[in-house]
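One chain is shown next in structure tokens, namely the form predicted on its own.
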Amino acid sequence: MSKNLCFNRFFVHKAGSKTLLINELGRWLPLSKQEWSAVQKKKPNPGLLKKLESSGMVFSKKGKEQLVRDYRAHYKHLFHPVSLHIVNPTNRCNHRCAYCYSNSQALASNKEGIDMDAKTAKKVIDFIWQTPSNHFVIEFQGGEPLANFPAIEAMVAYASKKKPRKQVHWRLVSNLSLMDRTIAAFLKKNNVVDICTSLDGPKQLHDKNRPLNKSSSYERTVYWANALQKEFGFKQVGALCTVTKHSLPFAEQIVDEYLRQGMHDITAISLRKIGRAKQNWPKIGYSPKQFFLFWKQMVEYCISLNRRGQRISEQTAALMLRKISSPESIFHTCYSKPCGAALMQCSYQPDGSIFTCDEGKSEPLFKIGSINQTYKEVFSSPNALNMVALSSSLGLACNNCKWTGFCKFCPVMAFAEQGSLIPLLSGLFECRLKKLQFPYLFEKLFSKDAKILVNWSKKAPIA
């Protein structure tokens, strides 16, 4: 048996006293010193061989059967239609966030094509209805989507009368500063009750990151985040925390702010070097290590609160742990390979043009079509298929990295940072960051905090 034993390709990582074998599908197996020695000599005992087979590390009959199952699970998202349709009713916004990757225009702007008209709004719905799926998400973004609320009203009303009937999960991503009781009542009545906003921390920090003319964006956000839940009965009101250079000293205070607002999940988002963030990078940017140390402090603080009985989780860690826990696709655009751009997600602009993803809308290169084409023409277009091919990372150094089974490659970020779709990976922000985050999370999985992290991963959002 030992002479004919054939191993699948795997990578080796040391985690404490354990040696981890990690394959390219994200399966991993911790080995003792003795077990690792047996693997190196190709002389596993029956018990170890069984573990190697069940983790897809060897090409025995059982091992190959497991690998086939893992491949099917890992790439399952390739066989599903787009499930997240992001619609931008306007490119106007009343905030002037220094990190805006949409490069939104001022609220008073009257540029041609900056707002979606009623005719285009209905054509967007007609286009989405061509999807073979009966279940999908339509998410309103911007700019600030409430700056063109009539387009949202038109789409929701038109969709309610469309045939055949399809199950739409409506979502609104808004800074909430233009929310009022009439809008809130309409959203509640029409089941647009999944709301996501931005909360970058305590008042002074939030207002610095997200300036709103001469008033406080924090006060508007916090007021409506609470009012939507307490007065209107919305149950899904969450927030994202974008981290700038100004945020770095306040990891624990940001977590405390979320708890003060009754939010028990926090997602620390690193800056995307596109749009206005790229222009303002010297003022707001940081290195991957600086962000990692901030994020690590936030995760450690959340863990310490959990130990004291306070429920709070950091969702970037939770999603990464979800990837680590199973080779199965989690149907999340930014945690899949190929990524979900033009596969699981696309973005519709006010003029009806269609882009690969929310981040891709900032660069004409990532346009894949328009609502005047058929669904098939758009998602089988050269630009759409090229995005899928590029984000598979085949041929890139990604495939020789130990974290390839858990990580992903984003062509949009690569192009933004280096002006190339085939970048020098070692220079990419995301690549350098993940090489710090994954070892840290594996270290925690072999610590006394493992149970807390496993619970986080089970509750991680995957759509």
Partner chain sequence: MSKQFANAELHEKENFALVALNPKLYSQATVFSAAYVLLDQAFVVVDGTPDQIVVSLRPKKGRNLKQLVEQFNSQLISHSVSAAESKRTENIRAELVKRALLTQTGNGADAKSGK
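These numbers were taken from a predicted model, which means no experiment stands behind them. Numbering follows the first chain given and starts at 1.
Not pictured, yet referred to below: the form predicted in complex with its partner chain.
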Original post:
Within 4.5 Å of its partner chain in the predicted bound form: all of His80, Ala342 and Val388, by heavy atom?
Top reply: yes
**OP:** Would you mind picking the one in Gly369, Gly143, Pro350, Pro338 that has a heavy atom within 4.5 Å of its partner chain in the predicted bound form?
**Re:** Pro338
Original post:
Tell me, which of Pro282, Pro164, Gly309, Pro132 has a heavy atom within 4.5 angstroms of its partner chain in the predicted bound form?
Top reply: Pro132
Original post:
If you check in the predicted bound form, is Lys235 within 4.5 Å of its partner chain, heavy atoms only?
Top reply: no
Original post:
Looking in the predicted bound form, any heavy atom of Phe292 within 4.5 Å of its partner chain?
Top reply: no
Original post:
Even though its partner chain is not shown here, does Val137 get within 4.5 Å of it in the predicted bound form, heavy atoms only?
Top reply: yes
Original post:
Would Lys14 count as touching its partner chain in the predicted bound form under a 4.5 Å heavy atom rule?
Top reply: no
Subject >> Answer range among 235-243, 355-363, 153-161, 82-90 for contact with its partner chain, defined in the predicted bound form as heavy atoms within 4.5 Å >> reply: 82-90
Original post:
in the predicted bound form, which residues of 373-390 put a heavy atom within 4.5 Å of its partner chain?
Top reply: Tyr375, Lys376, Phe379, Ser380, Leu385, Val388, Ala389
